[in-house]
Ligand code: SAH
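What follows is one chain in structure tokens, specifically the form predicted on its own.
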Amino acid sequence: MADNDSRQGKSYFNKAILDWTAAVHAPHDAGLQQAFDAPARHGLPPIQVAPSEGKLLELLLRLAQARTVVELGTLAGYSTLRLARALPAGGKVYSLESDPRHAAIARDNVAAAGLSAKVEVLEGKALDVLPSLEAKGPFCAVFIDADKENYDRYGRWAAAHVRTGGLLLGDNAFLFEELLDDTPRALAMRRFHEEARAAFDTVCIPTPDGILLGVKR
């Protein structure tokens, strides 16, 4: 029986353990490592998913037999590569990035990994670009890792354009420990959680900053 008293309130996100398990279960080849290192190399924000989270996204897409995916927030393309590697030949990731410099770096990383045929990086604000993709749906999955103030709006778009049995994935679902605050972006994130539950069977995976997972009803 577990010693519940000794575990009360204790965090298990030990960096050494996370690094060791990532090395065992989510190792990088040259293409992944190039994309993972790109933010530090190019002075981009250090906000991409961690290796184990990236591998989780890849495995979830494989389980869902995904073929078409929309990603909101490309950065340097690390998560984009993880998504693309899950897809069969002919599959496509449409990755939306508002910063042209980030988009250019991501395209270089995608090309270096040999995945250009599976990835299209689209520049512009996501809410402006998303309508242009609607004719390509319904999609097998939507992965959201962009500006937190609009998560609720992105979630509504996903609910309307993901196929039955498809996935909704939202990174930073705990909002950096701010989820229960009384701020506009915290309110938007809580709406994202609550509205996702209405259209998807959902759970919030307790990664260090939470990943919302939903399966479309």
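Just so it is clear, the structure is predicted and the values come from calculations on it, not from any experiment. Each residue number is its position in the shown sequence, starting from 1.
Beyond the structure shown, there is the form predicted together with ligand SAH, which is absent from this document and is the topic of what follows.
Task: One stretch from 69 to 77, 85 to 93, 104 to 112, 134 to 142 that, in the predicted complex, holds residues within 4.5 Å of ligand SAH by heavy atom - done: Result of the contact check: 69 to 77.
TODO: Indicate whether Ile47 is a 4.5 Å heavy atom neighbour of ligand SAH in the predicted complex.
DONE: Residue-level check for Ile47: yes, a contact with ligand SAH.
- [ ] Flag Ala126 as yes or no: does it have a non-hydrogen atom within 4.5 angstroms of any non-hydrogen atom of ligand SAH in the predicted complex?
- [x] Judged by the heavy-atom cut-off of 4.5 Å, Ala126 is in contact with ligand SAH in the predicted complex.
Task: Contact test in the predicted complex: Ala146 vs ligand SAH, heavy atoms, 4.5 Å - done: Contact check for Ala146: yes, within 4.5 Å of ligand SAH in the predicted complex.
Open item on the list: Test of understanding: in the predicted complex, would Phe192 fall inside 4.5 Å of ligand SAH by heavy atoms?
Closed with: Residue-level check for Phe192: no, no contact with ligand SAH.
Task: Interface residues of 86 to 119 toward ligand SAH, as seen in the predicted complex [heavy atoms, 4.5 Å] - done: Contacts from 86 to 119: Leu96, Glu97, Ser98, Asp99, His102.
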